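So here's one chain in two forms, each on its own in structure tokens, numbered structure 1 and structure 2.
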Structure 1
Amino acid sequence: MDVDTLLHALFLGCCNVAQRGDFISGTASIAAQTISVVGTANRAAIGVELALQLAAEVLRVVREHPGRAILLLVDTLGQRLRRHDELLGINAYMAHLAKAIDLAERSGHRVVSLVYGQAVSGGYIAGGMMADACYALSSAEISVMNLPAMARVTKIPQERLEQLSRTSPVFAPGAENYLKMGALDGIWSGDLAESLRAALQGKSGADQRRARGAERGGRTTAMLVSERVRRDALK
């Protein structure tokens, strides 16, 4: 779904959001509430410049509009894979973006992310999964790493990974698999404006992704392992 169509479906024309290249920002009105919209478009590869742009906009909202809800729109191929960005320390810029979103949440802003295109790797982790609540359109494509790349990194044959992806959502891309793993709070279709209104009414709380993954059968041991680590650390 393109940005204009998405914005109309979410806000029914009640928005002042601009797209400048791969960067989206502005304000919108929903249920008599003004919210800030920040995000990426065009399957953006997030380099140091875009990471700083996104973080700066989040920090501006925190500074100038205390408590205002923030909607993160996600369409990214992940961090930009260029020597330029690696030499400048792209990991630190992505961490800065994640910290800016965390600061917004700790400062009382409700932060909701919506994957409407692609969401890959560090671009999604820093610019989407840091939100209080994460959602995706049913047409969205989500993955940490494609299977050929995963095979090269893990040294596991691609054929074996393809077999595993048929039964384990950890190895398989797609919004439904991320829902099973607990990484998504829900998948939206139909009335997107109503879905957003409901999401904005939620409250921040403890991270429930491990619990949701266990309940949905997508990550059966993550919660058990983390609880064991926590107990051992307290001994």
Structure 2
Amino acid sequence: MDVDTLLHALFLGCCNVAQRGDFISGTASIAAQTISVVGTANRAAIGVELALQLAAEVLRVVREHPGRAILLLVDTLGQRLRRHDELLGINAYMAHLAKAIDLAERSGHRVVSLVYGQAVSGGYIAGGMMADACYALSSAEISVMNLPAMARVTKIPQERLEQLSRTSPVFAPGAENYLKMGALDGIWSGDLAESLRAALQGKSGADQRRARGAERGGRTTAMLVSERVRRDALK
């Protein structure tokens, strides 16, 4: 889905959101409240400049509009794979973005992310995945990498990965898999404005992803393991 279509479906014209290159920012109004919209477009490869720009916008909202909800719009192919970015320490810029989003949540901003295009590894993890509530359109694709590349790197035949993907949500890309594993609060289709309204009303709190993954049966071990490390007595 392109940005204009998405914005129209979410806000029915009640928004003042601009797209400059791969960067999206602005405000919108929904259910009688003003929210901030921040994100990326064009399947952006997120490099140091874009990561910094995204963080700047989040920090600006925290400083100038305490408590205002933030919608993160996600369409990214991941971190930009250039030597330039590594040279300048892209991991520090990505971490900065993650910290900015975390701060917004901790300061009482409701943060909701929506994958409307692609969400690939590094670009998703430092941005949208830091949100209290993560959603995706049913047409969205979320992945670490595609199966052919995964087959190449892991040296496991692609047919084997495809076969395993039929029964396990662990390997293959897809919003449905991320839902089963607890990373998504829900998948949106139909009335997007209504879905967003409901999402904005949710309460923020502790990270629920492991509990949901266990509940939905897609990721059962993480919860058990982290709880034991958290609570086991020292022997």
Partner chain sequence: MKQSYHEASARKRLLGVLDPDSFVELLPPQARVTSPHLPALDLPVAFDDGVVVGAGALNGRRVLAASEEGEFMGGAVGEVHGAKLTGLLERAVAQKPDAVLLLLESGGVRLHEANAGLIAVSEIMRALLAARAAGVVVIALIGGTYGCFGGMGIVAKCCDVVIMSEEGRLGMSGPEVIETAHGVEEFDARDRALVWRTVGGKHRYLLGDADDLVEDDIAAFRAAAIRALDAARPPTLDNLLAEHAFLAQRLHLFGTCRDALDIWRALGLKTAESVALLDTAGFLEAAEKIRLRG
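Every residue number counts along structure 1's sequence, beginning with 1. Between two forms, the rigid core is defined as the largest C-alpha subset superposing within 1.5 Å. Please read all numbers here as calculations on a predicted model, not as lab measurements.
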**OP:** Have a look at both and say which one is the form predicted alone.
**Re:** 1
Original post:
After a core superposition, would you say V112 shifts its C-alpha by at least 2 Å between structures 1 and 2?
Top reply: no
Original post:
Taking the rigid core as the reference frame, is the Cα of R152 displaced by 2 Å or more between structures 1 and 2?
Top reply: yes
